[in-house]
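Only one chain is shown below, in structure tokens, and it's the form predicted alone.
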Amino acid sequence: MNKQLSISTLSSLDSSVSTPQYDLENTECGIVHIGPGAFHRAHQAFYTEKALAFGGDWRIHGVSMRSASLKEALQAQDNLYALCIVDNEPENHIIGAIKSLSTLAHDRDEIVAALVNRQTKIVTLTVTEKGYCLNAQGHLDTDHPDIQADLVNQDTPVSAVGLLVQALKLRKQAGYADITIISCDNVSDNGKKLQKAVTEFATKTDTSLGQWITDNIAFPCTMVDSITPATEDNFKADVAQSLGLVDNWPIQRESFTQWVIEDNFSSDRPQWEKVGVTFTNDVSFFEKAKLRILNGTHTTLAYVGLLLGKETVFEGISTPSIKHLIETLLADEIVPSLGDSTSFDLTQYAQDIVTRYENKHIRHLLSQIAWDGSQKIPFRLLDTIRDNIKDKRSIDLLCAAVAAWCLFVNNKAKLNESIVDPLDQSLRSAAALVNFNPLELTKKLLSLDTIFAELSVTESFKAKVLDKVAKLIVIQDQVRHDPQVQNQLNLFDLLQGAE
């Protein structure tokens, strides 16, 4: 049986495996990260790992808001883990950037102390769209149960927003304004939205605190990108065999990775610029292009692919009709919505995205991408639809993506399967109320202004989505009757036609 990965067993690794190039025992933390999931460990922790070779106490204190599973998995291996770059030329890296892991339910005092520690200069977050607790208008959702609870119990917050405000209140009392809070989620204007949530929450508790945060604390916007599939048991076994050591929770990602950060900091930062991070005065175009081109097609691929019985991104994009649909969506509806750029070749970027999907070594589950659709669709699809409506461009295939989500919800509800979505219960209840009639459910879903805002009363948009649902029902039934028919389908042609 292989030994456990740990500081003491690092020396047994093959020289081809990259290992920490700094003093693991004596390098301290300067970053607290909230939400240390696979993406953080493959992305921000990777960049920080490489920057640590240039000096500084910049290791990470990871904070899980809910689950203790990562802490339990990594504690036996000194919080080290393997990051495997899965491509035609694979790489293995041992990441030591995470020095400690805490869970809010068990380590609250330790977490608050880390956030308030004078040595902590940066807080990063990957808590997904739902973690911001914003309503459809972009303001703090005071009807959100976590926010309501935190406003009453400010010393024991359960939301990331409440936890940040608690820490900032204590830092204000201590005179520690030298901290930067960095959102690393796939949300447009993520820094501005996080700042709004935090300052609005703070102002509700103490007007002067809200003003102090506005005057002193930087919330830079960012754009992050790298496809990071979930870790499965067979992958763990492959890693153990490759390393000759057991890793309880290795992770994998594609070779492509990108991190663009607004150059707006309250204090010091790691030397990220030396390891590939881009600093800019304007992140908006980078993140807008990524949200629409990558995340928009990822979401479309997930729901359309699942509809046709596909399991992974590679399987989906390897189906000619789906690939044609994605390429047409990019060329006709997504890339034109971004306007002209002299510094960014959008057409080439779009082609590169499709090539990344064709990486046969990455097993990226469509079911994972489909998580939290009610939260992702507004950012990944609806803003593009709004711009195209305004500029009188086609929204045909974008509406097909929305329609595929509606069918996804109906299919899951009909099978009495839970949906990984904060609106799980209400989505499935809505489907049950219309006896799982997909067209009737679509009408109900499109009326949800919490998701669709003004589009919920835009008749031309709703009519087009309903038309695409009707067409997708026919396609779905054809594939269910004869799975081989999908190889002859022309989705683009089948989804066209008058409403």
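The structure displayed is predicted, hence computed values, not measured ones. In case it trips you up, residue 1 is the first one in the sequence shown, and so on.
Another form exists, predicted together with ligand CS2; not displayed. Remarks below refer to it.
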| property | result |
| --- | --- |
| In the predicted complex, segment of 337 to 345, 290 to 298, 165 to 173, 152 to 160 with a heavy atom within 4.5 Å of ligand CS2 | 290 to 298 |
| Contact residue in the predicted complex, chosen from I227, L325, I122, L104 - any heavy atom within 4.5 Å of ligand CS2 | I227 |
| Residue among N186, S374, Q252, T384 with a heavy atom within 4.5 Å of ligand CS2 in the predicted complex | N186 |
| Joint contact, K412, R428 and S447 to ligand CS2 in the predicted complex, by non-hydrogen atom at 4.5 Å | no |
| Any non-hydrogen atom of R269 within 4.5 angstroms of ligand CS2 in the predicted complex | no |
| 4.5 Å heavy atom contact, I147 to ligand CS2 in the predicted complex | no |
| Ligand CS2 contact at L83 in the predicted complex, heavy atom, 4.5 Å | no |
| Ligand CS2 contact at I95 in the predicted complex, heavy atom, 4.5 Å | no |
| Stretch 365 to 383: residues contacting ligand CS2 in the predicted complex, 4.5 Å heavy atom cut-off | Q368, I369, K376, R380 |
